[in-house]
Structures are given as structure tokens and as C-alpha cells.
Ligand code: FUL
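First, one chain by itself: the form predicted on its own, in C-alpha cells.
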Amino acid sequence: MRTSNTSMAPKHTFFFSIIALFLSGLQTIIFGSSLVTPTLPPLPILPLPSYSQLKWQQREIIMFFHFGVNTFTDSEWGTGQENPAIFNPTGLNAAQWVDTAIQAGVSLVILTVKHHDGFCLWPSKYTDHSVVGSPWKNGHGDVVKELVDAANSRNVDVGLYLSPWDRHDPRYGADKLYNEYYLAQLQELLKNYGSVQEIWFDGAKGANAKNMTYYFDDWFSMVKELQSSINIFSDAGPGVRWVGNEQGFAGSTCWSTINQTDLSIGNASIVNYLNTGDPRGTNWIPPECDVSIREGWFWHKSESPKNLTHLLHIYYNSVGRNCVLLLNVPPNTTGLISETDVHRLKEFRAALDGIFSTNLAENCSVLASSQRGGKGGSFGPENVVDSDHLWTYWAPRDDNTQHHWIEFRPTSDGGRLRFNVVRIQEAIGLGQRIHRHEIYADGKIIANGTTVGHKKLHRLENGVVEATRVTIKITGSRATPLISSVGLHLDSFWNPHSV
């Protein structure tokens, strides 16, 4: 038997040798020089946006519908004593509202379901000061449902505005009773109309209004319980903050970060802080710029929409300053968006598409001061001209102590870049970082600024520039700057000499 076992040993030896060779080869593949180990992404810098805040930021333009009894009384702030019978939009067509929004490139619409007059656009069981008392649809109408149904069928999201100040309800001024009433209506709206993506808490209140303490913490907690993915808007967030004015302008410096403990709703002393944010802020509460397409918020026969030049000016100073633009477009007494407003919105959308659909930087070679992980990694400067403006980005080396720069040169011999708008975007999913930057054309400075955030648009003060080399220098940043997208665009509507 010993002799038999000895004769089989070479077979075993051969078998184990094959296994050893296989494992050795596998080790070489995994750990050897043939493997390119991916460079790790940089650490984020806190605070960071939530998933719903990121989705909101990428919308860039959303739409407001101010509609109610004020539409029929030619007023902005109702008294609360209006007879519900005056509300009779015989041609109301919420589908036309939503289609108008879609044509303007808008994916979220917000309705004033109750303004300061207290009139409710849905049949609330807690008051008869609503559509129930209206001749519209013999008191069986529901504007909120009509809008929600029209939006859902068109894949447009819905937001709601429920005014805290109520000039009609007799419970207003009695803290406990009115807060119970308000919470009851919040529950009606957030339980019965499906998904709501934004809820608007207005801080406006007349000088002679009754003293009233709003239980905001209770309201916000109830909202989050009923709609977990919702963004809550108010002067103090916590999801989205007011920009501090109703002209649609953010500060030239505009941080998404701010200290929530320094904020309060209805406090006029903090508007400048709201406008700029805070680089040391511990909360991510980005700003929303609300402005109306007309002079007033509600429809008035005597008013016309702002001209295209004005709307573009608003866009550059809102979306182009790290904000979302909330553009109010009020339905008229018939219950439709007026044709003049529809036409202006189409004109506005066509202008934006014409300006930003062509990016001259895409046809350039892109160089950079350094690259995280070296050439061939995932963080090269070529990422700034791809189609992902959030999660692919150029990242310089952490250990590069010099000013970071990225440069664009036309790929064609003798080619020149002709542009008057420079777009810069940060990878805000990893935090907002840049606080100072400069732009050069053939070595000559043509623009400079502070914050970038989701989007910074420089509309060049001296008009069109022609250059063979465009350089963006990051001269100040809270951490290693991460640029997700750069654009060089030509705005044919921009004439700096006419301003």
C-alpha cells in the first residue's frame, strides 16, 4: 500500500502546482502593476444638500399661480370680507396653466390655495369661506384638485401656498384655536391631494393685524410627517429660504449655507443675510427668488407682462446667482393664463434655449493646473464639458497650494472663441466651496466674482469677447474646488450699452 500511495504523489503535486500558479496570477491581476487603482473622490465639506434640495435646485425655474378672490376684486391683499359669490372663473382650465408651465420649461407649479383673505380654493370642511360658497360649478368645484389632476397627467410636480395670516377667520388672534385650524387645513391638503413637492409659508402680515403666535415647529413637523420628500419654504427654511426681496434678485455673493438659528419668519432685519447666506453657515438652506411676471401678484387688467429684456435680467440675477427662480404667472378672471403672458413665456424660453443650447467650450481642448489622481483618472478637466453637471467634475490635487485654474483653447487651428456669457457650476453634492474667482481671455481679466454654487452666470460687462484662450482661476475656496460644468455662450439679446 505504501508503494501505491507514493506513485500517486506526483499527480497531487502537479494539481497543487496548477492551483498555486492560478492564485499567483490572480494576485498579480489584483495587486500587480497591470491594475489601475481608482482614485478616491474627495471628502465632502459640510453642510450638504438633501436629495429633495438637489432635485429642487436643478429645476432652476418654477412657477407660481396667484389666484383667488383678489383676481375678481382687482386687489393684491383682500380684506377677508369678500363674498365667495364673486369667485366665478367660468372658463377655468388648469390644463392650460400646466401646459403654459411646460412650454416655459417648468416642472413644478405652486398654487395659492389660501391667501391672506382666507378664501380657500378647495372645499375645506373647516370653513365655508371657500369655493363651496361660489357659483363656480354650483359650489362643487375644487381648484386644487383640478390643478393636481392636470399636473399629474403631464408629469409636473405641485406645490401649495397656505397663508398663515388670515383676515377672515374669527379664530385668528386666538393662538391655540387658530393653530388648530391651520394644522387641520394642512392635514386636508397634504393627505388628500397626493404628493406635494414644496409648501410655502409666507411671513407677510399687515401692520394692524391681530397679535398671533404661529406654531411653526408644530406645522413643520406635521408637514414632514405627511410628506417626507417635501421642501418647506419660509424665511427660515428649513428646506428653502426666501431671498429677501420680491424683485427676483439674489446677492452677487450667494451661499446656500446659512445659520438657521439666526433666522426667523417675518423678521425684516435679516433680509440682507437671507440675500447672501453665510460661508460659515451650518445649515444647507438654499435661496428661492420670487417675482411676478407682472407688476402685481394677482391678475389685473391694467397690467402687462415684463418685457423679455427684464425677464432675462431677472434670470441672470437669480438662477445665475445660485438660486431657483419662482416666477409668478397669475390666471385671469376667466380662469386662464392670459395670452400676452403665454406669448412672453414662450419668448423667454426660446431666448434661454438659444443662448445656452450651444456651448463653445465643448469644442475646446481643456487644460488644468493639476488633477486629482493624475492624468487618466476620473477627475480630469474634460468632465466640465460633459452632460452631467452634478456628479462628474474636475478636481485639482489637494496638495496644490497655488491658485487652481482651468483653461479652454479651440481645437481648430486659428480658431477663436466669441462669447459674452461665462457659466460656471460647482459639484454642490459635495458642498459649496468657491468664494473667489477670476476669468481671463488671452491673459486679460474680463470678469471676476465671489461664490459659484449650483450656477454662476457672468454676462460680460463689456459685451462680446473674442479670444484664443479662456482661463478660469479659482483664487479662494473653502476646500479643494470641484467644478462640474463650464460654458461659454453667446447671448444675442445682451447689449451692455443699453442698460
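Counting begins at 1, following the sequence as shown. This is a predicted model, so every value here is computed, not measured.
Although not depicted, the form predicted together with the ligand is the subject of the following passage.
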Exercise. Open or blocked: the ligand, posed as in the model of the complex, superposed onto this form via site C-alphas, with 3 or more ligand atoms within 2.4 Å of backbone or C-beta counting as blocked?
Worked result: open
Exercise. Taking the partner as it appears in the model of the complex, which of 175-183, 272-280, 194-202, 87-95 has residues with heavy atoms within 4.5 Å of the ligand?
Worked result: 194-202
Exercise. Though only this chain appears here, would residue 77 touch the ligand in the model of the complex if you measure heavy atom gaps against 4.5 Å?
Worked result: yes
Exercise. Hey, in the model of the complex, is residue 64 touching the ligand, heavy atoms inside 4.5 Å?
Worked result: yes
Exercise. At the 4.5 Å heavy atom threshold, is residue 382 in contact with the ligand in the model of the complex?
Worked result: no
Problem set entry | Contact of residue 246 with the ligand in the model of the complex (heavy atom, 4.5 Å) | yes
Problem set entry | Answer option from 341, 426, 290, 117, heavy atom within 4.5 Å of the ligand in the model of the complex | 290
Problem set entry | the ligand: the contacting residue among 136, 297, 72, 220 in the model of the complex [heavy atom, 4.5 Å] | 297
For this session: Residue by residue through 161-187, tell me which have a non-hydrogen atom within 4.5 angstroms of the ligand in the model of the complex.
Result: 161
